[in-house]
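Here you'll find one protein chain in two forms, each presented separately as structure tokens under the names structure 1 and structure 2.
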Structure 1
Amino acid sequence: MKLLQFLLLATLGSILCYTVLDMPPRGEIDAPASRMESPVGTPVAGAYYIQHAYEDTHTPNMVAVVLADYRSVDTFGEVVVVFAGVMTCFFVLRRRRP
């Protein structure tokens, strides 16, 4: 049983290492996520954010602009997840009165 599990993990690891060879290599400038246009001709989000972040918000830090302006609803969801985790800990570990 244990041997079977090890074999399963080794198979998964080799499959992952083989499929990752189809990704662009590390630091490639011509990777699809780094181009101005995607292979089907639509603008890519990363290049758009780099070029328009400062003139839209006058904030030099592009990560902060994407975090709190372009994708702010996403960040709001994350904050709600943090609050939900806090409430879960609170209700799971609260001392029950006898």
Structure 2
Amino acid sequence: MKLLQFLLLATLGSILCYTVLDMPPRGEIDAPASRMESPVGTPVAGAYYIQHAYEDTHTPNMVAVVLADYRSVDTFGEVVVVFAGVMTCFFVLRRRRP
């Protein structure tokens, strides 16, 4: 059983290393994440966020703009899920034994 676990871990580790080595260097202009248009010619959402963040919200912090303004409904949903998990753990662990 230990040999199977080790082989699975080694396989996943090698896949991870292969994937990371295939990534472009950080900050490369030609990286897919830095492009203004997708390969099919449509604009990328990230380019809009970078170009219009201050104009839309008048907030200098771009990360706060994306999380609080552009993705506020998604962020609120994540907060609700985390809150529900915390409350569930609280009530399960709070049970008194007879």
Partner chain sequence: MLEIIEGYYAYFFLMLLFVIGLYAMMMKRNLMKKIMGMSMIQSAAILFWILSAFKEGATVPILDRAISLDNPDLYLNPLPHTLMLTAIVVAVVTLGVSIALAVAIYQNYNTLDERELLARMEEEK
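So that the term is clear: the rigid core is the largest set of C-alpha atoms that superpose within 1.5 Å between two forms. Numbering for residues begins at 1 and runs along the sequence of structure 1. Since the model is a prediction, treat every value here as computed from it, not as a measurement.
Of the two forms shown, the form predicted on its own is structure 2. When two forms of a protein are overlaid on their rigid core, residues whose CA moves 2 Å or more are considered shifted, and Arg26 is one of them between structures 1 and 2. With the core held fixed, Ala84 shows a CA shift below 2 Å between structures 1 and 2. Overlaying the rigid core between structures 1 and 2 leaves the Cα of Cys17 displaced by 2.4 angstrom.
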